[in-house]
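First, one chain by itself: the form predicted on its own, in structure tokens.
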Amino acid sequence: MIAAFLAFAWRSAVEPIEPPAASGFDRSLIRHGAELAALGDCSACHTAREGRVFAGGRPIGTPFGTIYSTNITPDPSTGIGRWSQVAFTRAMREGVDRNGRHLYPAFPYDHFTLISDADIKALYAYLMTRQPIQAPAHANELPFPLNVRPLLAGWKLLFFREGRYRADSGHDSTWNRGAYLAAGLAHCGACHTPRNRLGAEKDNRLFGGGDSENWHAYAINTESQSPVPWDASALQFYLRNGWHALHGVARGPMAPVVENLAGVPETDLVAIAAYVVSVMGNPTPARLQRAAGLTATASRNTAGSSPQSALANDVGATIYAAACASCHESGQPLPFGGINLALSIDVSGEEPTNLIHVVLDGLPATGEVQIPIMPGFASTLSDRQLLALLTYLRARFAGKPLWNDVGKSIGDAR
């Protein structure tokens, strides 16, 4: 039995090549590859903090241990400089590296398998024309037996389905382009879909909300709890700018996503937005009516009642009045003022994780991008005070009871 499994799991190495000259790649193909790399958010995972772009070494936390991203520059000894396009395609399509080793699904080949031959060729051209950087791989930190790579063949047998994207004839070309990008290269489901105990996405919960790097990726299907339902134009604006006045600000793992999307064609953002909003479905009349009321309130950027008049939580109300109201009820719209918290998915959503991070760490400025900023209160608020504030915000602005295990979530964020 063991011998049969090892035979099934075995993959041969692909012969190394001499690193190809950058001049041998077509310039238009390289430009297209750059756009694709931005859509795939490749630099976010394959660049360590304070590290060089695409040189790898970024720790990626998983429930099973820490996996370190690899060097995907064309360095011949530590990167992919000796990888042929055949080897690169196999990694993208099958999750197997040039040496025949199975790759951990932290590298989302379960999405990349959908990418077309033409787009893989363009990605290869772009990466092979980057500056070679010598950066040896960092050993993953996984316990036995998870550090035994051949066992990944069993995971693939259970959960991985190789195959290209097939257009849905029931939808137009824009929708299909969006589906191709969201399901494939952009791998939206890798964060926004919940996973089972073995780390595979739950097929029956596509876009039902998931977790990434101790942040929560909210549900973006019919389970969405956004106070104002998303429409395609709002989502397109958010993906381009990283914020929207009726939905808030992209932070956590979503922040580098929108930074990368700044360089992609508008038509691709239109397509992604059209597809994702279609997955969210049509909101009910009652939800639309409530959203209309919230939107009208937001135009004045006030929450209606004063902090002291809200539900009984004097400590939380006092903290809000002292630390939050001056921005969130200033009358200044995003990106210059704070969002009306009745519109915030962080307050009304299914998990408190992101709200806790934002209160503790704030929203720091990001380069020259015009995006909302906010100070953090990690050194100002005790855990008890933060809990009081969260209780107040949840009751007043969402009209919902406090989430479960908020104390644990605060400790995790600390």
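As the structure is a computational prediction, the values presented were derived from the model and not from experiment. One rule holds for the numbers: they count along the sequence shown, beginning at 1.
Below, we turn to the form predicted in complex with a small molecule, even though it does not appear here.
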Thinking of D97, F112 and L355 as the candidate spot, does the small molecule come within 4.5 Å of a heavy atom on all of them in the predicted complex? yes
Testing 168-176, 197-205, 155-163, 243-251 against the small molecule in the predicted complex with a 4.5 Å heavy atom criterion leaves exactly one stretch, namely 243-251
With the partner omitted here, the residue among M128, A274, A122, A217 that in the predicted complex has a heavy atom within 4.5 Å of the small molecule is A217
Whether F377 contacts the small molecule in the predicted complex should be assessed with a 4.5 Å heavy atom distance threshold; does it? yes
May I ask you to check whether R82 falls inside a 4.5 Å heavy atom distance of the small molecule in the predicted complex? no
Using 4.5 Å between non-hydrogen atoms, is R149 touching the small molecule in the predicted complex? yes
Using a 4.5 angstroms cut-off on non-hydrogen atoms, would G338 count as touching the small molecule in the predicted complex? yes
